[in-house]
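Only one chain is included here, represented as structure tokens and corresponding to the form predicted alone.
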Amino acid sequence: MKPPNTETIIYRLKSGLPDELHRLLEQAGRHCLKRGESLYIAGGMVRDLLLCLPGKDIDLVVEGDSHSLAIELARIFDGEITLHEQFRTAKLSVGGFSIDVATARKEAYSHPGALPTVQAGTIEDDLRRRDFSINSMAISVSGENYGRLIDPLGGFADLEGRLVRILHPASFTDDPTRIFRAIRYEQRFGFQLQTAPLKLLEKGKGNISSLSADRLRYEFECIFAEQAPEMALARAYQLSVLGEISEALIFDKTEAKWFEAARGAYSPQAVPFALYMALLNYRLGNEDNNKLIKRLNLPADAAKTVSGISRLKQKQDDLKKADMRPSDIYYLLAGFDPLAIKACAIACPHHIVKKRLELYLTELRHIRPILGGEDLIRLGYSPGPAIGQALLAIQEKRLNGSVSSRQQETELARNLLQDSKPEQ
């Protein structure tokens, strides 16, 4: 099938983008024309428009100076900008939209996993440096060429053929993060990695070890942001990509069910990164768990969730006991991160343990005495350890349903503090 003509692409731009953003692109294109520069939409937005999918990210490429262009556009549209010198890129925030502006460039890699060195180039240079043919298309948004598709590498044909194709044999070696993107695109769109790229992926996956912790963690963030991340993770496990990160990592139908359950529990909100990561790590032992936390340089909150998994699994035998009261459940779990408890509630195979974990999350952790220390002081009791002990006893009674009103708490407090004389 032939690529869509200019009129069709212009229609898709108008129908696929918010009106305000489309007007901004038109004005930006006219402004570039005055500067004697050509402006393009490139990358994933073009791919998604051709697939008739809603675009998420706006990437503009200018055959000129991206920094001065971004500064002028920010002034014209009353926006804010962030400039990045190393790659001559800028982020422009206008009217609630975030747009990346980059100078068309060439790239070279000094060694596997390194960040590239760059120099200015043409739009075709810029497209040829990209990861996959389906991401190596652009649409002109300036001058009489507005709406023209630039596709020097056959990206549209690969969209039609439902193929994920790399652009050169060293692609996965130069940038091992492309391995994760290839898997994400394959699973997101229902495409297929060709035999040759699969062989090169097999050859290049060993370079994953050269990636920094932050770059590797970002790839997991991108996978978790997919509509069904379990599909990409299962494929990564099948291709032994997860094994390059930790030999202990497993991802099969069991983990896939956990991920689906997490999504069902949080819908329509997004599942927290830390919860997905805890479920991914659930079957790891304590040592492997800690190694992966370090390998990904997890933020403190996520690390707390993930590290809590190993300790919580050790509490499961206690949570199976037949004679556990609600207060026993509360005091057993009170020191754990709620997301770690949620992960265990999803992944634990024991029904009674699941039920008690959910009871803690939905009810017990929210139970507090109605009375506070100041209330007891107003009743005439002196501040001191006895008041604190009384409040703990009241909370235990509330957890177990023995008291449920302010009056009952007050009567219980007087009984507990009868040996502590009120102040005169």
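Residue positions are given as counts along the sequence shown, with the first one as 1. Fair warning: this is a prediction, and the values are worked out from it, not measured in the lab.
This protein has a second form, the form predicted together with adenosine-5'-triphosphate (ATP), left out of what is shown; the following refers to that one.
With the partner omitted here, the residue from Arg181, His84, Lys313, Lys203 that has a non-hydrogen atom within 4.5 angstroms of adenosine-5'-triphosphate (ATP) in the predicted bound form is Arg181. The single contact residue among Tyr282, Trp258, Phe77, Tyr185, judged by any heavy atom lying within 4.5 Å of adenosine-5'-triphosphate (ATP) in the predicted bound form, is Tyr185.
The stretch that touches adenosine-5'-triphosphate (ATP) in the predicted bound form, counting heavy atoms within 4.5 Å, is 41-49, out of 382-390, 27-35, 41-49, 365-373.
Mapping the unseen interface onto this chain, Asp59 counts among the residues with a heavy atom inside 4.5 Å of adenosine-5'-triphosphate (ATP) in the predicted bound form. At a distance threshold of 4.5 angstroms between non-hydrogen atoms, Ser142 is out of contact with adenosine-5'-triphosphate (ATP) in the predicted bound form. Among heavy atoms of Asn290, none comes within 4.5 Å of adenosine-5'-triphosphate (ATP) in the predicted bound form. Taking non-hydrogen atoms only, Arg129 approaches adenosine-5'-triphosphate (ATP) to within 4.5 angstroms in the predicted bound form. Shown here without adenosine-5'-triphosphate (ATP), the chain has Asp175, Thr177, Arg178 in 164-179 lying with a heavy atom within 4.5 Å of that partner in the predicted bound form.
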